[in-house]
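Next up: a single chain in structure tokens, the form predicted on its own.
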Amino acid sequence: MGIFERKEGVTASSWIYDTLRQDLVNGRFTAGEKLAISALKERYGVGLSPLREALNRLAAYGLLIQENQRGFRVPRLARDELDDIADMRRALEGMALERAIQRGDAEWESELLAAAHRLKRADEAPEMEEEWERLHMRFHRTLVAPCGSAWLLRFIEQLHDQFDRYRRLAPGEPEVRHVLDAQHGELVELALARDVKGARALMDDHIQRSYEVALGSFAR
């Protein structure tokens, strides 16, 4: 029997995809690990068909590697890949932020303030790490939401998942985390002031500091 429960109304395929996606991002599997389908069926309590569908989707998304006739494997960590992900985050997230500031309306401003408030409350409760991760992602999504490009948002979300695979394997750095947390509030202030140049510069610095933390995944 699986150790996870599915919410009512959610299909098995969607549920196992979302659950495995989070487990891969959160480092629940070892980089380079070969996934045994029989063990996954037992662990998550799902049938073969929805499991295979989810694994194929995750391979297309980039969180798994599909090996010909040999199943699926978790991608290994690679410095050049992390460098590439960080560079693409700076380029695409910076572009989206500029467009969001130019296009965002009063409703976006209120949603951004609410997202920042929830994240700040989670900052003050270290025991709520999983909740913080969820709210952190929501904050960054809200920040760039009105950029006007669904494709740009999809690419950014995929880059965040790939980046977080490294970041969440790295040892914690409380002093850097404190600076990053403060920068969330500063980003809101700059966005509300419609300071495109200042917000873009701060976002670049935010991603760079996060990248330096993520480098710790190799030491570990």
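One rule holds for the numbers: they count along the sequence shown, beginning at 1. None of these values were measured; they are calculated from a predicted model.
Not on display, but discussed next: the form predicted together with the DNA.
Distance criterion of 4.5 Å from any heavy atom to the DNA in the predicted bound form singles out Val46 from the list Leu190, Val46, Leu180, Leu64. Leu35 is the sole member of Ala170, Ile156, Leu58, Leu35 with a non-hydrogen atom lying within 4.5 angstroms of the DNA in the predicted bound form. The closest non-hydrogen atom of Gln208 lies beyond 4.5 Å of the DNA in the predicted bound form. Arg52 belongs to the set of residues with a heavy atom inside 4.5 Å of the DNA in the predicted bound form. Interface residue remark: Ser13 is counted as part of the site for the DNA in the predicted bound form, having a heavy atom within 4.5 Å.
Within 4.5 Å of any heavy atom of the DNA in the predicted bound form lies no heavy atom of Pro75.
Only one segment in the set 181 to 189, 148 to 156, 22 to 30, 66 to 74 has residues whose heavy atoms sit within 4.5 Å of the DNA in the predicted bound form; it is 66 to 74. For the stretch 119 to 138, the set of residues having any non-hydrogen atom within 4.5 angstroms of the DNA in the predicted bound form is empty.
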